[in-house]
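Heads up, the chain below is alone and in the form predicted on its own; it's given as structure tokens.
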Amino acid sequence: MSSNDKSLRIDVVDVGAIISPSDSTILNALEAADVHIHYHCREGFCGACRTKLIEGEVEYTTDPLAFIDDDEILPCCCVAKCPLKIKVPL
């Protein structure tokens, strides 16, 4: 692991805290922690994984094409830039 690699905490409302590698999409981190989230495309096209962002900031690995509100993210195509608090539709 290089010195630039780090993991970030993601607090998932009604689920608990998970750890996300800095180079992993939030969707991959959720799946690795057995948090079930609806998704289809994994590339920001469909919006099926739309998730409420309560605290924190993300960076998109690809520009999402699906419509999202200002307080929402698409976990399939973004990575955490800092610790996050999110609410996934259960």
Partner chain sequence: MKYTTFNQQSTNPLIEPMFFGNPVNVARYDQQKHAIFEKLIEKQISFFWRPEEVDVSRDRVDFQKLTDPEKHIFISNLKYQTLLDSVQGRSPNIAFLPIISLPELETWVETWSFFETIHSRSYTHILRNLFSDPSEIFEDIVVNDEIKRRAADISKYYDDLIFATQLWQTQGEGVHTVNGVAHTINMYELKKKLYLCMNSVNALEAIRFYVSFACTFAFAERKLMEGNSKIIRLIARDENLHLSSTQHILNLWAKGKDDPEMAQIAEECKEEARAIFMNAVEQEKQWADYLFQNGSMIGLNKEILCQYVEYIANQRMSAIGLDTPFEISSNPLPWMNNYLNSDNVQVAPQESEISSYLVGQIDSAVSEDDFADFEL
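Keep in mind that what you see is a predicted model, and the values were worked out from it rather than measured. Positions refer to the first chain, counted from 1.
Omitted from view is the form predicted in complex with its partner chain, to which the following refers.
- Ile37 is the sole member of Ile37, Leu53, Ala29, Val58 with a non-hydrogen atom within 4.5 Å of its partner chain in the predicted bound form.
- Its partner chain in the predicted bound form is not approached by Val13, whose heavy atoms all lie more than 4.5 angstroms from it.
- Using a 4.5 angstroms limit between non-hydrogen atoms, Ala66 touches its partner chain in the predicted bound form.
- Its partner chain in the predicted bound form comes within 4.5 Å of no heavy atom belonging to Ala33.
- For the partner-free chain shown, Pro89, Leu90 of 76-90 come within 4.5 angstroms of its partner chain in the predicted bound form, judged by any non-hydrogen atom.
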